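First, one chain by itself: the form predicted alone, in structure tokens.
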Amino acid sequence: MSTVGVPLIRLEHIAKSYDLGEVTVHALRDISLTINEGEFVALMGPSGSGKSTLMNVLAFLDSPTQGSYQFSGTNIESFDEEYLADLRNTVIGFVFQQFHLLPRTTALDNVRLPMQYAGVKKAEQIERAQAAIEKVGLGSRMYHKPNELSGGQQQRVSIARALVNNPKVLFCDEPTGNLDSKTSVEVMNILSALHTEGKTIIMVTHEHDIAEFAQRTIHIKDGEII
């Protein structure tokens, strides 16, 4: 989808507000932002700053109230919901603070899940899932269930699951939020290696030492870039 010389992501004057009865909450105010393919960007800000809302807009999970969002040079307003859902499964990978793994399912089957939605044949699902699990250093644990894995290992499984459809962008929402400092560094080293290979990574964090792994940090406060 990418076009030479065109930013992967361009936001112009994006705003997002929510009407809560008589009160209107302005979660994002006049956000303009460009992210190029291959960048590693950290979104930082205090709780309630709007950083998670911004990530949801960037990842096609929420639509802005006003402004324009171009992805690979195309305005996403021209995409219908079915196409956006397909993009979320093929162009984007998600890594969450809470891992979101199916508890009664092996690491291998958890990683296969996005390909099942994409209609990939089972033999290819298994081959690609095994390769993704090997990539995050968990080859010996692929038949273990989440409760048989440490928190760091579970996060590696979720990174493998995010990678399995070879997404253009990896969105990481507080990826180390549930991990101790040593395990956090191990997980961030995996993300750094993926960035070195050319993966675009957009990460929400409130931890300065984690943000330092990124190339560029965008600070958000009260819904605005500061």
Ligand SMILES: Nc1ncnc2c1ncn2[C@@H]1O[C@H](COP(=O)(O)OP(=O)(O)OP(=O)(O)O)[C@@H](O)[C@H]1O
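Since we're looking at a predicted model, the values are computed, not measured. Heads up: residue numbers just count along the shown sequence, starting at 1.
The next section is about a form of this same protein that is not shown, the form predicted together with the ligand.
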Handout entry: Any non-hydrogen atom of Ser49 within 4.5 angstroms of the ligand in the model of the complex
Key = yes
Problem - Proximity of Thr53 to the ligand in the model of the complex, heavy atoms at 4.5 Å - result: yes
Problem - Contact test in the model of the complex: Ala27 vs the ligand, heavy atoms, 4.5 Å - result: yes
Practice task
Report yes if any heavy atom of His206 sits within 4.5 Å of a heavy atom of the ligand in the model of the complex; otherwise report no.
Solution key: yes
Handout entry: Stretch in contact in the model of the complex with the ligand, which is absent here, among 66-74, 156-164, 40-48, 183-191 (heavy atoms within 4.5 Å)
Key = 40-48
Exercise for the section: Within 4.5 Å of the ligand in the model of the complex, which residues of 9-26 have a heavy atom? Give them in sequence order, or say none. Expected result: Tyr18, Leu20, Val25
